[in-house]
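Have a look below at one chain only, the form predicted alone, in structure tokens format.
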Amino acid sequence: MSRELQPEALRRLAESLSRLPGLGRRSAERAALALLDWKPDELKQLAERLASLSEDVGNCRLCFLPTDLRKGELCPVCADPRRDRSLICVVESVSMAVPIEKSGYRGCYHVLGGKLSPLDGVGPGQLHLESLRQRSAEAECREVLLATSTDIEGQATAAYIAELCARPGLTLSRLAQGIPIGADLSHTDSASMAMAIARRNQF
């Protein structure tokens, strides 16, 4: 939609929506236009939910996953006695924990809040690393699964954590990397193929 045809309020809304992951300028404009078709009471309810978001949702005091502050300081995972507390999966963001949870994983999590990136001004002090070190030092913790990105910053973050948390009796593991299930080998990039070969398993 041409900017000349957009009221200023609609442009401002689209600009705010464009900050959301996965929404580019055009997608944000479409979302803003779609909201015009909502009934006034639906828009009011959405506005109220957005306004109360920071009061109702916070970070779990243990793992930093989102938690309903009205129900306590622990997220559903940390509050669940059925979870395996001996295993902590380290992720950079909440969105990275979602596919892991869907896989049937039954351990606990630790959200770093990013990854080490000196060029962007992100050092150890900007991440939830000290709390991770403390959790991994507890006797009940027997394994820390490093599920950071496979890019340079993610690998550096995993290496830093491995050194930070290393102690006798603690296993430091990394998500397997290589060829995804169902992939056509002819379309596999050389880096993934090299990783798959280097980490091959006995058949």
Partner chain sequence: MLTRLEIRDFRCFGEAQLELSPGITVFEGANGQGKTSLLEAVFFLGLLRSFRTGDLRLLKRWKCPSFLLRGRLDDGQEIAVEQGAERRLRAAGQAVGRSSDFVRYLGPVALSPEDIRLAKGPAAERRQFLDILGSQLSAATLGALRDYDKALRQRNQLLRLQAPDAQLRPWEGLLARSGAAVMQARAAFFPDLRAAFLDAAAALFPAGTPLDLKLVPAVSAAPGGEEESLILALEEARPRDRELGSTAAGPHRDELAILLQGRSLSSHGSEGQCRLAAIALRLAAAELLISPEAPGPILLVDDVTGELDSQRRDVFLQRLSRFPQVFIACTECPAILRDGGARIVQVEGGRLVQNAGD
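Numbering follows the first chain given and starts at 1. The structure displayed is predicted, hence computed values, not measured ones.
There is another form of the same protein, the form predicted in complex with the partner chain; it is not shown, and what comes next is about it.
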Tell me, yes or no, whether Glu163 is in contact with the partner chain in the model of the complex, where a contact means a heavy atom of each within 4.5 Å.
-> yes
Look up in the model of the complex whether Asp189 has a non-hydrogen atom within 4.5 angstroms of the partner chain, and give yes or no.
-> yes
State yes or no: in the model of the complex, is some non-hydrogen atom of Ile152 no more than 4.5 angstroms from a non-hydrogen atom of the partner chain?
-> yes
Partner contact for Ser117 in the model of the complex: the partner chain, 4.5 angstroms, heavy atom | yes
The one option of Leu172, Ala156, Leu35, Ala28 with any heavy atom within 4.5 Å of the partner chain in the model of the complex is Ala156
Identify which of Gly72, Pro124, Pro99, Pro76 has a heavy atom within 4.5 Å of the partner chain in the model of the complex; exactly one of them does.
-> Pro124
